[in-house]
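Shown here is one chain on its own, the form predicted alone, set out as structure tokens.
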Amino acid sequence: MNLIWEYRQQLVDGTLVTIQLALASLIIAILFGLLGAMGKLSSNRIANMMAGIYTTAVRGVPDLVLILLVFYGGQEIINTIGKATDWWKYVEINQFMAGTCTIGVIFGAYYTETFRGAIMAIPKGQIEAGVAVGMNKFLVFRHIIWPQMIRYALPGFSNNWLVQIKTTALVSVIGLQDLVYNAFVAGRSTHLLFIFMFASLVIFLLMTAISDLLLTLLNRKYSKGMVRT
């Protein structure tokens, strides 16, 4: 316990990086999820096909492989394109950016199916009624689709988010000083790897427990007035 206290700042710093990574990747995942869901529900064949390829390809490749590909190959590809077209100068992809973008894109594929199912659960008559009273697509989405989509999507969203928090641990393999990386370094330097890995386990459990509590409260808020069948 004394060793944990001695390395507390290292663990706290790693935890903050993990939280930042999880929240930043969540924003990207929600954006890709909404775009993917709209693409899958679109009557446009190209948009539908692109959304299908995106979800199938991303969900069929291991998360760690994608992270390694983006970190070690993404920077080279982007700079090769920039040099050939002269559209941009040298671009550096650091560990945080690589982890954030990759995890965001990965879970965007899962949120795509979550949001698609939620939108399909909304009665079509409500959307048609909104159009009938003169609402444009933006107003229909804002006042009819979005509030109910959140209600129907929350259970699946909650499961994906909890898995997403744990997936952030993978970025430690590319050198990002997150919770797992810092705990591993502290464990190796003290020859007490099990203790520090167990400490990171407890911290991850606390993060997921807090997330689960907040999402449960949010679910109760948006479930008010729902008729359970």
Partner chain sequence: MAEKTLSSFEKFIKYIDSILPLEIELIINNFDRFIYGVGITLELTILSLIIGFLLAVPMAVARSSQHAILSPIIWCYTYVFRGTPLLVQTYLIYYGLGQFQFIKNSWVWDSILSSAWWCALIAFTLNTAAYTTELLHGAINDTPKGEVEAAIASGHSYFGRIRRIILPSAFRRAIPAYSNEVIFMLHGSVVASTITLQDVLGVGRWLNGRYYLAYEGFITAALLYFAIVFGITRIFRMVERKYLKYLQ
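Residue numbers count along the first chain shown, from 1. Since the model is a prediction, treat every value here as computed from it, not as a measurement. Each form is matched to the other, and the largest set of C-alpha atoms that superpose within 1.5 Å is called the rigid core.
Quick note: we don't show the form predicted together with its partner chain, though the next part is all about it.
Taking the partner from elsewhere, A209 is found to have a heavy atom lying within 4.5 Å of its partner chain in the model of the complex. Looking at A169, you'd find a heavy atom of it within 4.5 angstroms of its partner chain in the model of the complex. In the model of the complex, its partner chain sits within 4.5 Å of a heavy atom of H191.
Using a 4.5 Å cutoff between non-hydrogen atoms, V180 counts as a contact of its partner chain in the model of the complex. Among L205, L16, L218, L23, the residue placing a heavy atom within 4.5 Å of its partner chain in the model of the complex is L205. This chain lacks the partner; the member of L41, M49, I27, M197 within 4.5 angstroms of its partner chain in the model of the complex by a non-hydrogen atom is M197. Screening 67 to 75, 82 to 90, 112 to 120, 95 to 103 for residues having heavy atoms within 4.5 Å of its partner chain in the model of the complex returns a single hit, 67 to 75. Remark: with the core as the superposition reference, the CA shift of Y90 between this form and the one not shown reaches 2 Å or more.
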